[in-house]
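Consider the single chain below, provided in structure tokens and representing the form predicted on its own.
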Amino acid sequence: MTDRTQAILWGLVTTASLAALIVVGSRSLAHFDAALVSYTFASLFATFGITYRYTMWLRRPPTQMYWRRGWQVFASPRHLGRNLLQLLRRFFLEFAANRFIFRRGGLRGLTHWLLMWGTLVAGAITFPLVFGWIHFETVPGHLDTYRAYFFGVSAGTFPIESAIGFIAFHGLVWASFLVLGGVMLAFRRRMVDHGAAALQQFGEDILPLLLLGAISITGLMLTVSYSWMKAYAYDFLAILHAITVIFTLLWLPFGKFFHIFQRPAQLGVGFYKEAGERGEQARCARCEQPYAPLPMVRDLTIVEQQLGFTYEMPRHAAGHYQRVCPKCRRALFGLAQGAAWSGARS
């Protein structure tokens, strides 16, 4: 079975699974809003595209090696308890707090944090509502009280005018403000930082920000329309908002947003590197000094062979280029250049 066939099969499985969850969670579409069917089909397309691309990405030799070794190291019975604690620590520090971005700069970290949490909060609210997994009903005899249902099961009641109701029904508003703050800071960096401006590309740097800003602005305009303008131009704004959201969902598997799904795999890379630091170190075949974890050197040699790179040196004592440390590689390069230069003169 080819890589492409496997990716298509995985894409079909995940898309069919999501469709089944929509049917089950909405109680056979009883709580599914037909007006949101376009959002649903765009979400199903995005699910297939993301799964297809992720599967193809995992089939690449370097990624496949990191993925396999990461899980092997993490599930090692000897270090499983320690790895679980490390996973929680990294989840909160690296993912939730975005420490890896804050290291590059405080303002840059704040930009990424606002964009990330704004989109996550919006997604956590929007998708369950669109799929019919969450819906609200008034309590009989108490028209000022709502009962929330999750997958058709009662999840509690709350007064409409309460703080919980205000937060729940305006969650997308707060998420929009977070995203807009991040978008403005990101555009500021691209206008002030000449290094970022020189390297930016429209499809990878500008278009994602425009899409996030358009979704947030049109969503806020809907709130303004029905809250303070007696639903003036609401139908037009709803269509405009739907276009921006659907376009973003359709573009999701192909653009920069795909790194949202790639980033969690970095946790496994961290476990793999830590295991290499604790284990046996490879020694240079020339100077006999340790320079890298031995398992990583072996894995790198395998990946290079899979990619068709031939770095074997049968006439040298090392046998392979990866068995020589970086310092000695530079020395051998200089010696080879000197020998070639001397041969050319003679």
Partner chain sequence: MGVPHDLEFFVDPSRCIGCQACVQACSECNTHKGHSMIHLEFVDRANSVQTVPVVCMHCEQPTCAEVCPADAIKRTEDGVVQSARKPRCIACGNCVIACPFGVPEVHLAEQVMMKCDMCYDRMSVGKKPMCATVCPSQALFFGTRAEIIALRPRSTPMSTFRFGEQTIKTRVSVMMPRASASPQHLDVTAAMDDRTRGRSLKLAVVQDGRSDDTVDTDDPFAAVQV
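Positions refer to the first chain, counted from 1. A quick note: this is a predicted structure, and the numbers were derived from the prediction, not measured.
The following text describes the form predicted together with the partner chain, which does not appear among the structures shown.
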query	finding
Selected contact from V224, L120, L93, V269, since only one has a non-hydrogen atom within 4.5 angstroms of the partner chain in the model of the complex	V269
Of S162, Q262, S76, T157, the one that lies within 4.5 Å of the partner chain in the model of the complex (heavy atoms)	Q262
Whether T126, R188 and H241 all lie within 4.5 angstroms of the partner chain in the model of the complex by heavy atom	no
4.5 Å heavy atom contact, R82 to the partner chain in the model of the complex	no
T15 within 4.5 Å of the partner chain in the model of the complex, heavy atoms	no
is_contact(K230, the partner chain) in the model of the complex, heavy atom dist at most 4.5 Å	no
In the model of the complex, F41 touching the partner chain (heavy atom, 4.5 Å)	no
Which of 134-142, 163-171, 252-260, 213-221 lines the interface with the partner chain in the model of the complex (heavy atom within 4.5 Å)	252-260
Stretch 319-337: residues contacting the partner chain in the model of the complex, 4.5 Å heavy atom cut-off	Y321, Q322, V324, P326, K327, R329, R330, A331, L332, F333, G334, L335, A336, Q337
